[in-house]
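Take a look at this one chain, the form predicted alone, written out in structure tokens.
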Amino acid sequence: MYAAIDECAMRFAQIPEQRQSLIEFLAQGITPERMQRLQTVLSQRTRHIAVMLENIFQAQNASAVLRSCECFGIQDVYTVETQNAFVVDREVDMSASKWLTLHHFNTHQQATTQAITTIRNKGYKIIATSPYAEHTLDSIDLSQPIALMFGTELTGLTEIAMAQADDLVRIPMYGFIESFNISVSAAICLHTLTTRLRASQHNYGLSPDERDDLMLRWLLHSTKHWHLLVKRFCNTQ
């Protein structure tokens, strides 16, 4: 279903005026309260911070990270799956993934490099998490969009990912154990950085075109038999 919604949204993205008309058409089928909720969440969404997950193999951890991303208003998650498939546990995910934009890189062994190159070309500074890094989360410069990389549960990020990072950061810890669970690490990082970002003067919101694109996708996800309604809309144009 998600793939079909993506295809529909991309088709209407080519004609912004028609996309806006479809948004207004679909909005008639939900309650005003639900529409207000969509608009409120959309106003807090950001692409200033993104997340890349490399070879996460436990579905509970992968899903918990997606849930944290959604709760903190992060829109984009990039998954690298050269060793382990990225599997979502629906009970943990709680439908978070349908509100996010997921970018999968799983076609060949160079997927890590491909993902990092794609992210960097979008203007992001690539930040790797490591318990041995000198810098902490508070030192990250948020004037530029950043992408946080998290690695597999047992060994962390691969050497390829670490070598291509622009900076390394650590979460301060004061016990005997040197690392948090991957989902806990992601949640701590996102809480710290989104709190700083939202208190800053940086323009972290989405562009009008990005807001319209997501609003259409979210309305499609919120509408039963959306494909029939889209067909009816197209027949009236």
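From a predicted model like this one, the values you see are computed outputs, not experimental measurements. Residue positions are given as counts along the sequence shown, with the first one as 1.
Just so you know, the form predicted in complex with a further copy of the same chain exists too; it's not on screen, but the next bit is about it.
- Proximity to a further copy of the same chain in the model of the complex, taken as heavy atoms within 4.5 Å, picks out 64-72 from the listed stretches 64-72, 22-30, 205-213, 47-55.
- Residue contact with a further copy of the same chain in the model of the complex: residue 168 places no heavy atom within 4.5 Å of it.
- Though the partner is left out of this view, residue 12 does not reach within 4.5 Å of a further copy of the same chain in the model of the complex, counting heavy atoms only.
- For residue 200, no non-hydrogen atom is located within 4.5 Å of a further copy of the same chain in the model of the complex, even though that partner is not displayed.
- Interface membership of residue 99, defined by any non-hydrogen atom within 4.5 Å of a further copy of the same chain in the model of the complex, is confirmed.
- With respect to a further copy of the same chain in the model of the complex, the three residues 109, 111 and 133 uniformly fall beyond 4.5 angstroms at the level of their nearest heavy atom.
- Interface residues of 129-157, taken as those with a heavy atom within 4.5 Å of a further copy of the same chain in the model of the complex (partner not displayed): 137, 138, in sequence order.
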